[in-house]
Ligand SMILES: Nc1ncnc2c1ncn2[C@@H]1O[C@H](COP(=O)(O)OP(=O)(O)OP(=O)(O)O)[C@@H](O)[C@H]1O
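Before any questions on binding or motion, here is one chain by itself as structure tokens, the form predicted on its own.
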Amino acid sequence: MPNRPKINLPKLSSKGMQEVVAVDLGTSKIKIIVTGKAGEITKTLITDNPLGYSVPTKATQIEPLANLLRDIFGQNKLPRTNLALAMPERHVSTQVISIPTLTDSELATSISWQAQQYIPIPTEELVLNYQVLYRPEKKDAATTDMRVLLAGIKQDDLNNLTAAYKQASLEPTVLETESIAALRHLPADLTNNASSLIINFGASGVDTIIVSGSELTMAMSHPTGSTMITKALMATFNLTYEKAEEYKMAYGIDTRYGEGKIAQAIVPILQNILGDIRNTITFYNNKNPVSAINKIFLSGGGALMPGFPELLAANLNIEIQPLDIFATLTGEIPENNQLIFGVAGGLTKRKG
């Protein structure tokens, strides 16, 4: 099976074999997995993010995030070096492009021009990374395109995020996109003539990641997330944020509870999410009828909501299953809420 792409945003430092701290800094929850020198899990942590943002887009947001990180790492006695971070997909422009076959040197020369065509970030503000996904053999190079994965973020977003960690006296080692982290949970027996969809259902949005065989094809971020469901429950039932979160995760869209009124408050938002997912699937399948999506994998805290997998299955007529987040990992694996560790678990599985 082809190697899965490993796109990293700029490497920040280099360390030898030691503990690794995988950090998924979400807008609602912060998820952390610590692994020892042998790769075994020594600690997992879920804690609140009261700030409501994960990437400082303003200079004034750097210090509050630094203070929060300093407190979390100090109170939980976490290692402060060799951190693996994920850039949220909504802050990344990810594109897979097909271009005439080039050598590595030719591609390096032309990549900035290619990025201008496909990445909607001005060149002077762009941090770009790329990975060759497929290059045909020499005998086919004249007639067959190569495929290249582009990942771009704004320089200011990267600078602000790394500044927050620096102010907290933390040392990140690597920063990569959430979609790349999620790919590491896919089973090894996926076939190259079919495509799969990963749905990462987070607090501030839903990421849809399409994979053909083992190759990333498309990654999109949709802005409706599970926090909107929480706010709908707060407004409908006059609940605190904490109590609305409890209702959401305990009852979901199960009509047996609350005389069906809880489900009634949630379903309209899920229908919007379902619409975005259906449109993504239709767009992709129309362009790739030979390798249409035939399986959906779920990840993220929102995917734990009762009734959500069943809603997808009933409306999309595609096999649904959760990602096996902790497959191939050993150590102190959490028994509950495993899907919430999708991104942190993917960072933990990173090799090199």
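From 1 onward, residues are counted along the sequence shown. Treat the numbers as computed from the prediction; the structure is a model and nothing was measured.
Beyond what is shown, the protein has a form predicted together with this ligand; the following relates to that form.
Enquirer: Does Gln18 make contact with this ligand in the model of the complex, using a 4.5 Å heavy atom cut-off?
Expert: Looking in the model of the complex, residue contacts with this ligand do not include Gln18, since no heavy atom lies within 4.5 Å.
Enquirer: Is the gap between Val34 and this ligand in the model of the complex 4.5 Å or less for some heavy atom pair?
Expert: Flag for Val34 set to no.
Enquirer: Taking 4.5 angstroms as the cut-off for heavy atoms, does Asp254 touch this ligand in the model of the complex?
Expert: Looking in the model of the complex, residue contacts with this ligand do not include Asp254, since no heavy atom lies within 4.5 Å.
Enquirer: Using the partner position in the model of the complex, report whether Leu126 sits within 4.5 Å of this ligand, counting heavy atoms only.
Expert: Leu126 lies outside the contact set for this ligand.
Enquirer: Which single stretch, out of 61-69, 35-43, 316-324, 294-302, brings residue heavy atoms within 4.5 Å of this ligand in the model of the complex?
Expert: It is the stretch 294-302.
Enquirer: Looking at Asp276, Glu245, Glu215, Asp157, which is the one with a non-hydrogen atom within 4.5 Å of this ligand in the model of the complex?
Expert: Comparing distances to this ligand in the model of the complex, the residue within 4.5 Å is Glu245.
Enquirer: Which residue among Arg147, Arg184, Arg90, Arg80 has a heavy atom within 4.5 angstroms of this ligand in the model of the complex?
Expert: Exactly one residue meets the criterion: Arg90.
Enquirer: So, Gln95, Ala151 and Ser221: all three within 4.5 Å of this ligand in the model of the complex by heavy atoms, or not?
Expert: Negative, none of the three is within 4.5 Å.
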